[in-house]
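Next up: just one chain, as structure tokens, the form predicted on its own.
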Amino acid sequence: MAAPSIVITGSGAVCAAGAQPDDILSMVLAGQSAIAPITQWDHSQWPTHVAGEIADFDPRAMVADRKLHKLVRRTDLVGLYAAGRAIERSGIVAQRDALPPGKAAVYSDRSGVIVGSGGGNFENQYDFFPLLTQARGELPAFGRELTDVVNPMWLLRTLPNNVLGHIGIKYGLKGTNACITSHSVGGLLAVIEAFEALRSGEADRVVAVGHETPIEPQMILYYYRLGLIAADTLRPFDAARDGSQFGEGAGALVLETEASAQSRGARVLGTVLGSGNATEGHGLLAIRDDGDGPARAMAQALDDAGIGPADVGMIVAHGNGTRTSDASEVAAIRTVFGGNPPPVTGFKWAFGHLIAAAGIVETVVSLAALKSRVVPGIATLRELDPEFAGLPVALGPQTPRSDIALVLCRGFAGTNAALLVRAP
């Protein structure tokens, strides 16, 4: 029996460029970067001073329930916000609430949640710093005062699956669920896992979320020491590119079987066609020059979708601005698409690298771009690296050659994920 068609009926996103998918796309199309001076701490002694922060961050605007704020972190707030917007836009909860009790219970059991989160931010340990200083490194003294100084909710606040749990609790979604912590590919893997859960019959609808707020002192310092942080500007594929910049945010998509969406007359935002997932197995930080991992992920996605390279209308590259990642990504595109790739773009220059949220937010923006029949330009591109000659990237907007986007996402340890989506 053929696998069911999987559609997208809800989307939500928040990052430095905006709090709605269309607002984010508008800023990208305007060529405006939201990467700006950091406001969360004194960065004067830090090696970089900018990041993609959400401006005027208001926890109440993200999540109205003030009691919940005591149990979650900043990253959870943005994840819950994006998920809430996607769920509201999809109408799945309103549909469930209109059903008789028995059918509503079955509906809830067939509704899942899969979340990709960072799970490893250093801020989780900051509650201990004042007491460590006070105890002067003496463990017995630290232990005696621990329960009086550290917030008793510390453990609950640091759980990587907080967004997963609180979405299920608030909206009564009781079906298949998972929390994926796999660096930058986590959010896109959440979409892929939701896609597979629906195709295999585990659920009729799944909310997929990716969230992360990595802008913190240690994170920036350690990435800088690894040579991954740009001095000032994130310039994907540029001859002068010198690294990436962090951003914070979250994205969410509601995926459903086509039958589920049709049964309630849902508005379809797009269709998931196929996915791929591959690791290079080359090292924790090492990247193969030949682009083996991303090439295999993209080839798998095309094979899964049953389409060829010529059918793809635009490529949304990982484009993190580091020299080795961009170069190997171009090698992968050439391997898969030969001398005829579609227009290529990337979004990190506009709002930063969102780590676990990167792939899913870029998928949300891709769907909005396909709807507008535009491939956004890379506004920070000054001079294409001569080694990338022939790569169809541009400073300004281009026209997609079809209604299909390929989104590519990469993470540490040579992990790669690719997703193919089609506009309605």
Partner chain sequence: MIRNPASTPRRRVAVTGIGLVTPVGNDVATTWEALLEGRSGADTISLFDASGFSTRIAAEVKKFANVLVVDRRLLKFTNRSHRFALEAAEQAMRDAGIRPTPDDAHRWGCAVGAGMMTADFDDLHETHAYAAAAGELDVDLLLSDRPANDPLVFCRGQSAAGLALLTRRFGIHGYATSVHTACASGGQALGTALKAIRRGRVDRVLAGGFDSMISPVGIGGFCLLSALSPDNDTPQRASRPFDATRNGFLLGEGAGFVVLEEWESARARGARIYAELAGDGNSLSSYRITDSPPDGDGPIQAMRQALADAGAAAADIDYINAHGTSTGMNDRSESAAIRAVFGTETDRIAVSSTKSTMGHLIAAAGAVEGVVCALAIDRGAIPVNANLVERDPECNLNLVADVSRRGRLRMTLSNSFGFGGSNSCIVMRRPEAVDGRSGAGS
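Numbering follows the first chain given and starts at 1. Values in this document were obtained by computation on a predicted structure and should not be read as measured data. If you superpose the two forms and keep the largest set of C-alpha atoms that fall within 1.5 Å, you have the rigid core.
Only in words, not in the display: the form predicted in complex with its partner chain, which the text now covers.
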For its partner chain, considered in the predicted bound form: do all three of Asn121, Gln218 and Gly281 come within 4.5 Å of it, counting heavy atoms only? yes
Only one of 326 to 334, 219 to 227, 258 to 266, 346 to 354 has residues with a heavy atom within 4.5 Å of its partner chain in the predicted bound form, and that stretch is 219 to 227
So, Thr158 and its partner chain: in the predicted bound form, are they within 4.5 Å at any heavy atom pair? yes
Asp204 within 4.5 Å of its partner chain in the predicted bound form, heavy atoms: no
Is Pro309 close enough to touch its partner chain in the predicted bound form, meaning at least one heavy atom pair within 4.5 Å? no
At the 4.5 Å heavy atom threshold, is Gly137 in contact with its partner chain in the predicted bound form? yes
Have a look at His183, Arg85, Arg74, Arg241 for me and say which one sits with a heavy atom within 4.5 Å of its partner chain in the predicted bound form. His183
In the predicted bound form, the residue from Asp42, Asp65, Asp58, Glu383 that sits within 4.5 Å of its partner chain by heavy atoms: Asp42
Is any part of 393 to 424 within 4.5 angstroms of its partner chain in the predicted bound form by a non-hydrogen atom, and which residues would that be? Phe412, Ala413, Thr415
Core-aligned CA displacement of Lys103 at least 2 Å between the shown form and the other one: no
Is Gly143 displaced by at least 2 Å at its C-alpha between the shown form and the other one when the rigid core is overlaid? yes
